[in-house]
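What follows is a single chain, given as structure tokens, in the form predicted on its own.
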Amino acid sequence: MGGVSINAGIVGGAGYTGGELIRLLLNHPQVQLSFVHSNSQAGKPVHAVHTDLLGDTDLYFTDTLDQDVDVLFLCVGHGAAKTFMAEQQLPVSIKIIDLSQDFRWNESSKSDAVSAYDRVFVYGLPELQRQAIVKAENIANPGCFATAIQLALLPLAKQNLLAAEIHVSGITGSTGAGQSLSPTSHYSWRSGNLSNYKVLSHQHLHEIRRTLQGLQEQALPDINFVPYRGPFTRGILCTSYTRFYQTLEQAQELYTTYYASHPFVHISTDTPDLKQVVNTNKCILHLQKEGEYLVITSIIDNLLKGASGQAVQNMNLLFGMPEQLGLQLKATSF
């Protein structure tokens, strides 16, 4: 496969997810990044905001929208994507990949897609909906915690094995809060500190429940999720557990079989740590059996598999390219 085949644009390119997306698209062998839109940074060089890109691109942020693109990534805040789509009259030929929660699962519908603005948005979790994504025109990218938790539980739901209450705890880095300043995102508060938030009420629970209930036949049990703010910049580690009356070996076979054709999910027999996935599009899962409980550890980079990396993975599928193209990244390691 030679030459550039896809023209891409980004709306909301000044934040963390926008920055990661710029880095990925600049290095994607089949993409030309045509413009990066930002109302707050218009007129400035992209490298003035994302300083690590000095020497990598001559692009400037713009406040105008170039409609001569094949795919448009929306990296704006929750609620802003709907406002943007309402204000714009984009040609239907432009595929939209939205990284906000605005066009994810419609809780009032049994459909696997959301219709809005004469477009249908398919939920973009490739390990669940690869075939639907390949045929789609527009994608609603999953949330970061939602990705980590769903990947931990999908094989059980597929086999109708989520019968007992599910408990999840998860910790995320400060980039998960976005670039806007808040009391809990300042370095002086975050460093050496730890707190929980949105206990049992995190917004990603909606899409998690919708996904799992769509997979398994019987009613989904309660999912109790406690998220934590971690004293580090990036990465998510979740621990999920539920009653499971089979053996650990049977669980490992179940997970290995489910993810056999999915290149970014890996089953580890050793307890994983965040540095194995930071700066990659991987999800690493670890299973252990403690009494009647199956315990599943899942780790991802919240900005890559939890956001921009998964968006590029979805773009690859939309345009018929290899799923891993442009995403064979090096972990931080140390």
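Computed from a prediction, not measured in an experiment: that's the story for all the values here. Note that residue numbering follows the sequence shown and begins at 1.
There is also a form predicted together with another copy of the chain; it is not shown, and the following applies to it.
Note on the partner interface in the predicted bound form: the residue among L274, L59, V69, L287 having a heavy atom within 4.5 angstroms of another copy of the chain is L274. Contact with another copy of the chain in the predicted bound form, defined as a heavy atom within 4.5 Å, holds for exactly one of L237, A136, L161, M85, namely L237. Within this chain, Y245 is remote from the site of another copy of the chain in the predicted bound form, having no heavy atom within 4.5 Å. Heavy atoms of S195 reach within 4.5 Å of another copy of the chain in the predicted bound form, making it an interface residue. By the criterion of a heavy atom within 4.5 Å, L304 is counted among the residues contacting another copy of the chain in the predicted bound form. Interface membership of L90, defined by any non-hydrogen atom within 4.5 Å of another copy of the chain in the predicted bound form, is ruled out.
Listed stretches are 90-98, 122-130, 136-144, 187-195; the contact stretch with another copy of the chain in the predicted bound form is 187-195, by a heavy atom cutoff of 4.5 Å.
Residues are counted as partner-facing when one of their heavy atoms sits within 4.5 Å of another copy of the chain in the predicted bound form; in 239-268 these are T239, Y241, R243, H266, I267, S268, in sequence order.
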